[in-house]
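Next up: just one chain, as structure tokens, the form predicted alone.
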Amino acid sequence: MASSSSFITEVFRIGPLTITNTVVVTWGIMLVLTAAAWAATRHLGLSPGRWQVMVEGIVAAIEEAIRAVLPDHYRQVMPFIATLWIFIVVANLVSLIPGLRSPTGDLSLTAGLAILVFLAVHWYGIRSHGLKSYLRHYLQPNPILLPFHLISEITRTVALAVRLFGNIFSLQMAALLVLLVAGFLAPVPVLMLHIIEALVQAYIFGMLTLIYVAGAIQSQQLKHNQKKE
């Protein structure tokens, strides 16, 4: 039976540290996105060209999606959510390049992204309401529910990591099996399925992150408004 390790290979070592293809591709994606962001924004003008229009369209679409969930704080969370969305989209689609595998098909990467989301949620919550006020909401509506709140935080973080990994890994396995059985007779349907699923999974991961962040920011704000009333 194939496992995720069949897609993970050692590229080189730095002392006792093993550098896998997941690490190399991930850093490559980050470097490419950094260079692309620099190139796309270095000549912005009032009379936009084709590339500026495309970039502004992507940014506007992401901003609108974030504003629909978090209208009062969308500027605050925009850099994090937008970066996460763009990175995951590219990481999911990179396996369309011959010889490369999507790093999101490696549980270690998706676990890292989930931990990053976990930390970001609490950072935004503490930044918006202060440490004491934010931690107090874990005792609401009754302190006896504290263990359940903590379990919920852990399980949703694990679910984020496993969901993205499972879907991308299974998608790569399905594409591999189809190509082994049908050869290159059906490349277009496979490519279309891969692209659609990659975009959908990136969207789901980003939206769940946005909902978690919005919950951390707005939970205390809602209680504060209720007290005023």
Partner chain sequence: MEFDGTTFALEIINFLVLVWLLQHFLYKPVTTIIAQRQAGIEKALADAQATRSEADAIKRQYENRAAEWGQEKARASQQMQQEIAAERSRLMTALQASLDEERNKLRAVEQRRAAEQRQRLEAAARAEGGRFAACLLSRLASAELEERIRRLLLDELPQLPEQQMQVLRSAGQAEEVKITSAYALDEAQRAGLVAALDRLAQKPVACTFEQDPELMAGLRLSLGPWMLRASLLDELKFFAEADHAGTKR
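Numbering follows the first chain given and starts at 1. Computed from a predicted model, the values in this text were never measured in an experiment.
The form predicted together with the partner chain exists for this protein as well; it is not shown, and the discussion that follows is about that form.
If the criterion is a non-hydrogen atom within 4.5 angstroms, does every one of 65, 118 and 155 touch the partner chain in the predicted bound form?
No, none of 65, 118 and 155 comes within 4.5 Å of the partner chain in the predicted bound form.
Though the partner chain is not shown, can you say which of 82, 89, 126, 100 has a heavy atom within 4.5 Å of it in the predicted bound form?
For this set of options, the contacting one is 82.
By the heavy atom within 4.5 Å rule, which residue out of 204, 55, 69, 178 makes contact with the partner chain in the predicted bound form?
After the contact test, the surviving option is 55.
Is it the case that residue 20, even though its partner is missing from this view, gets within 4.5 Å of the partner chain in the predicted bound form, heavy atoms only?
Close contact exists here: in the predicted bound form, residue 20 approaches the partner chain to within 4.5 Å, heavy atoms only.
Considering only heavy atoms, tell me if residue 34 and the partner chain come within 4.5 Å of each other in the predicted bound form.
Yes - in the predicted bound form, heavy atoms of residue 34 and the partner chain come within 4.5 Å of each other.
Is there a heavy atom of residue 26 lying 4.5 Å or less from a heavy atom of the partner chain in the predicted bound form?
Close contact exists here: in the predicted bound form, residue 26 approaches the partner chain to within 4.5 Å, heavy atoms only.
Although the partner isn't part of this model, could you tell me whether residue 41 comes within 4.5 Å of the partner chain in the predicted bound form, counting any heavy atom of the residue?
Yes - in the predicted bound form, heavy atoms of residue 41 and the partner chain come within 4.5 Å of each other.
Which residues in 108 to 147 have a heavy atom within 4.5 Å of the partner chain in the predicted bound form?
The stretch touches the partner through 108, 109, 111, 112, 113, 115, 116.
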